[in-house]
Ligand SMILES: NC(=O)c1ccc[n+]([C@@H]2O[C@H](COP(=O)([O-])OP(=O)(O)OC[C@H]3O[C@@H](n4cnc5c(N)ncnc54)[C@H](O)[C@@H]3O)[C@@H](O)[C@H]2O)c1
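Only one chain comes next, encoded as structure tokens, the form predicted alone.
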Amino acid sequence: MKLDQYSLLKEKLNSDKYSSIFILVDDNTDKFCLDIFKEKSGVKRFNKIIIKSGEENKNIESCLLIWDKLNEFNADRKSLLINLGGGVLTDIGGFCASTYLRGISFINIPTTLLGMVDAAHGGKTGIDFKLLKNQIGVFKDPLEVVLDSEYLKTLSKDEFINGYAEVFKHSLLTDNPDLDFNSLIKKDFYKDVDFIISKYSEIKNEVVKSDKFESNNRKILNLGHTIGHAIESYSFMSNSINELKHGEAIIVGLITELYISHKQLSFPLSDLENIKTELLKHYKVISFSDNDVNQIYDLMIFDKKNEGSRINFVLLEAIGRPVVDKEINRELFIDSFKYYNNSL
């Protein structure tokens, strides 16, 4: 974390540029992170808005609460919303800011590793709709994203590791040998976290710069997410598996989609086996029945990358060589879960 980020932020927050300042928190970041932010930013005049934490609250009801509070405190087009939280909160906060009065400014202060390396960047904002991931949203960039690893000290070990799913994904997309998967797993995930936050968020930002509205190259950031998002949504609908964190679902998505990559694009089996072994050192193996797998397949029709009834995948030819818009059949999809389930 560079001190000048907070120095610049202090100038903005204590200037006359904004008519009012709002800080959006959830019940966790209100308790564990807000005091840290207040001390470091020097913010003095603000109104606080609190929502419930968790993916299940990333919905229109939470938006209504946020918009209602903005109205109650007389927010106008010169107001600023600061989103202090993980990926769920920066997604929903960005969406509410982007749509309130046709758009007010917002700043993201991610407090989770997932948010720091992925969710808080790139200008995607949105909410879930009927438990389907990110079905409603807009592209809108935050004024800035402040990265401060001190907030990670407030996380449990499970929540910290949850964020590494997106780091692993980024490491599979880069052809930089100093940052690729084989290099990443040699790092100390705790001691090297500042380096990891800096470098792996840059990977995403460079991709976004080349294709802001996801017409082509930005699609590669969805590696592991076509299956992963469907699994995550299914976990909230189903009684047969427990609700999953985003990272847990994405790890299953990465393993299954790399298996599909092996079958369709000859992704090296040795790399597939090595990646699977490394990932499952950090994440529990989830048991999927045949019925689970078939229902997950049906949920993929709602993926945003699809064209009509065609389900589009991001696959890998090799580490650092992604290929977009690949279609697969149901049989190969089912086989990928058989490969994953063999880990049990």
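Sequential numbering from 1, following the sequence displayed. Note that the structure is predicted; figures quoted are calculated from it, not measured.
Missing here is the form predicted in complex with the ligand; even so, the following discussion is about that form.
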- Message: Since only the chain is shown here, I'm wondering whether T154 would be in contact with the ligand in the predicted complex (any heavy atom pair within 4.5 Å).
- Response: yes
- Applying a 4.5 Å heavy atom distance criterion, does Y297 contact the ligand in the predicted complex? no
- Report whether the minimum heavy atom distance between L89 and the ligand in the predicted complex is within 4.5 Å. yes
- Message: Given that the ligand is not shown alongside this chain, does S53 nevertheless sit within 4.5 Å of it in the predicted complex, heavy atom to heavy atom?
- Response: yes
- Stretch from 158-166, 194-202, 252-260, 97-105 whose residues place a heavy atom within 4.5 Å of the ligand in the predicted complex: 158-166
- Message: Quick check on this chain: which one of I275, C33, I319, I49 has a heavy atom within 4.5 Å of the ligand in the predicted complex?
- Response: C33
- Looking at N217, N134, Q264, N182, which has any heavy atom no more than 4.5 Å from the ligand in the predicted complex? N134
- Message: Heavy atom within 4.5 Å of the ligand in the predicted complex: which residues of 111-137 meet that condition, in order?
- Response: T111, T112, L114, G115, D118, A119, H121, K124, K133, N134
